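Have a look below at one chain only, the form predicted on its own, in structure tokens format.
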């Protein structure tokens, strides 16, 4: 079973680019076969972002739930993904 991550960002956002790079590195570390993720442009999918409760970018949703409304530390994101991967077994 895999978990689904959505990284909400807006074009030209420096913190958003940082979030995506951090997420890519952690996904590689934990295994791409266990985590699927996509980049969501909040300007193109505003209705979906609002539905999840996203007020600003970057934000990270896991399995359709807003988990990080702001950029988390790499350790905090890694710990949450490891916890969820353990539950998915």
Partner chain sequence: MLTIGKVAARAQVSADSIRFYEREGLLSPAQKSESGYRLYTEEAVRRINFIKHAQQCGFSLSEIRELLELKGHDQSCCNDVYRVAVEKKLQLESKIKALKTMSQALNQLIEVCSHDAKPLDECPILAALESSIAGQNARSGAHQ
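Model, not experiment: these values are computed from the prediction. Residue numbers count along the first chain shown, from 1.
Keep in mind that the form predicted together with its partner chain is missing from the display, and what follows is about it.
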| query | With a 4.5 Å heavy atom cut-off, would you call residue 10 a contact of its partner chain in the predicted bound form? | reply | yes
| task | With heavy atoms only and a cut-off of 4.5 Å, decide whether residue 60 touches its partner chain in the predicted bound form. | result | no
| request: May I ask you to state whether residue 29 is within 4.5 Å of its partner chain in the predicted bound form, using heavy atom distances? | output: no
| query | Is there a non-hydrogen atom of residue 39 within 4.5 angstroms of a non-hydrogen atom of its partner chain in the predicted bound form? | reply | no
| query | So in the predicted bound form, are 70, 73 and 77 all sitting within 4.5 Å of its partner chain, heavy atoms only? | reply | no
| field | Interface residues of 48-82 toward its partner chain, as seen in the predicted bound form [heavy atoms, 4.5 Å] | value | 49, 50, 51, 54, 55, 56, 57
